[in-house]
Ligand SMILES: Cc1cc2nc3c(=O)[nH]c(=O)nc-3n(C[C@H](O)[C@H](O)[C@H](O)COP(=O)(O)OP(=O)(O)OC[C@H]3O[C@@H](n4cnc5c(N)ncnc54)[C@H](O)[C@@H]3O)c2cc1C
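The data below hold one chain only, encoded as structure tokens and taken in the form predicted alone.
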């Protein structure tokens, strides 16, 4: 282990890898640390008997401007640009066309109010129509989009993401997580299953303490999740309390995925989709046979993800199967068996899905992204002002933090020479 690298990156997810890619070729020595035994952070392609599945991010959002699209193509990863079934309801099961149109109008009206007549409270829930018939549906969407209920979502923050999104969503058949994990550049000293327990400052170096070693580095790029930063997993000097406070204003929502394997034919058409129950804010949303694979991906957000985390995988799978059986009929049960599930809420080095700003706290993203003393730089999806909650937002934040570190560090090293 290099005990005195020029730059240490804490976190080997999209942001950490983005920072490492920007630092490649600069001549600076770089070490990267992650407490997980794998690369990728919240990007994780898991190999199953039914093929690879993404337990974390799975879609190249805003793919027409997403840097991972270019990286995929340069790296030989296929990008699928086909249309997707999101927003459809297979054979109108449990959610008729007229109901979907009505629900979409309700969502469009709410989105318009958030963007053009945001409530003074900045609370996204205050833009809801009083006693609206589709409030449960909108709460379910909020769970998928932000990981939490509208009462805890900043309208300003949501509008910034919505305005920046191009609504172009593509896929990486080999897995988004596989792409991100394969993108760490050569020359970076990688330390997996190595948690950084404490960070201290002296006049010339930043000192990192791990279970097995002490590292003294000129600069640090910190990319850990907001829940980790706001918590006590890493001991930090009191001078960094403002950054902890900013992170606490940007908590991770709750988002989990379940994958069911389809055994035999069953009533499940390739590239189809159903929403479990549009009147249940905790409902799962189900993508069936994505790219033809024999699986159903159940995505849970907000209340649904919290229930899954609290009750455990067995109960979550049973609930998902029950919703599908209610739509497709009792014979569907024999075609479904649990395959794999995420557990982001109970992953200590992460602690949830992706960040959202609490009402009145959208500007915390800017505060969290500020460098400290031109030696400590912050990255991660939560530091991006418009592409938060995405792997490309994480990547871009890592590049930005690396450039800040280069601009601060290289002149000092030249002066020494």
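Only a predicted model underlies this, so the values are computations on that prediction, with no experimental measurement involved. Residue numbers count along the first chain shown, from 1.
One more form of this protein exists, namely the form predicted together with the named molecule; it is left out here, but the text below deals with it.
Taking 188, 159, 234, 174 one by one, only a single residue has any non-hydrogen atom within 4.5 Å of the named molecule in the model of the complex, and it is 234. Between the options 53, 43, 30, 357, the residue in contact with the named molecule in the model of the complex by a heavy atom within 4.5 angstroms is 43.
Proximity of residue 344 to the named molecule in the model of the complex falls within the 4.5 Å heavy atom cutoff. Residue 375 falls outside the set of residues with a heavy atom inside 4.5 Å of the named molecule in the model of the complex. Using a 4.5 angstroms limit between non-hydrogen atoms, residue 195 touches the named molecule in the model of the complex. Taking non-hydrogen atoms only, residue 385 never approaches the named molecule to within 4.5 angstroms in the model of the complex.
Heavy atoms within 4.5 Å of the named molecule in the model of the complex are found in exactly one of 251-259, 264-272, 281-289, 87-95, that being 251-259. In the model of the complex, no residue of 323-340 lies within 4.5 Å of the named molecule by any heavy atom.
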